[in-house]
Ligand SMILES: Nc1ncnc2c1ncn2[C@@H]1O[C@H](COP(=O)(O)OP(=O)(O)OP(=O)(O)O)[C@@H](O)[C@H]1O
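Just one chain follows, in the form predicted on its own, and it is written as structure tokens.
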Amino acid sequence: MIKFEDVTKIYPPDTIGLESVSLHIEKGEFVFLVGPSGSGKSTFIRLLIKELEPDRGRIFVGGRDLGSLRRWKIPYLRRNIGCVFQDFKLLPSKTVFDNVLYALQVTGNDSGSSRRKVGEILNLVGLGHKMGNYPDELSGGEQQRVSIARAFVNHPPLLIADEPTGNLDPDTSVGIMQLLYRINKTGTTVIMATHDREMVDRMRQRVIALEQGQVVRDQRRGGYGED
């Protein structure tokens, strides 16, 4: 699903984002991306969705070389990547239903089947009873579930979650992680950048640890810290 070949990104004048990173992530994996602030996690994600260009090296997503991807094809790349963020990024003037539907509308899908799909996804995330509510009427955990539903409604092969539990209490975080795990079990590759030590230790999935832009550990079933 993802391949980095000797990828380096430097922010001017000389701040290292990533340095000589090479790794493979297979289809269907669940991967935690861990490390302190400034370690390179956000750079890794921004390179994956082609918000940034590497200074050296090559990145492949779904077998496609991002370096040779023409600018007009970038939106098509991003349609195949679901993104979930710490701050939800919901549209406050739209209902829960319309927030999720919007992800389909921007890709030209607003048919009756699309609307049924929105209902199915909202039931999957446990919010079928709040389709008509607005974001400010929901708890933080419920807003994050809407964000996940919106990211997953197109059934993307890759879902990236950037600190999705960062603003949530521990019990709510567990529910969000269980939801992401269920999505992963449908075949979607999930990459989650996180500082949630307890969650990573509990899940025992693959862990890629970054430090000063370099991969310092890559464990198939690892914890947050060194074992």
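Rigid core here is just the name for the largest C-alpha set that superposes within 1.5 Å across the two forms. Heads up: residue numbers just count along the shown sequence, starting at 1. This one's a predicted model, so the numbers in the text were calculated from it and none came from an experiment.
Missing here is the form predicted in complex with the ligand; even so, the following discussion is about that form.
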201-209, 21-29, 8-16, 214-222: which one contacts the ligand in the model of the complex at 4.5 Å, heavy atom to heavy atom?
8-16
Does any heavy atom of Thr172 come within 4.5 Å of a heavy atom of the ligand in the model of the complex?
no
With the cut-off set at 4.5 Å between non-hydrogen atoms, does Ser37 touch the ligand in the model of the complex?
yes
Determine whether any heavy atom of Thr165 comes within 4.5 Å of a heavy atom of the ligand in the model of the complex, and answer yes or no.
no
With the partner left out here, check for me: in the model of the complex, does some heavy atom of Asn123 sit within 4.5 Å of the ligand?
no
In the model of the complex, do Lys41, Gln86 and His195 all reach within 4.5 Å of the ligand through at least one heavy atom apiece?
yes
Ok, Arg56, Arg46, Arg182, Arg64: which has a heavy atom sitting within 4.5 Å of the ligand in the model of the complex?
Arg46
Rigid-core frame, C-alpha of Phe85, shift of 2 angstroms or more between this form and the one not shown:
yes
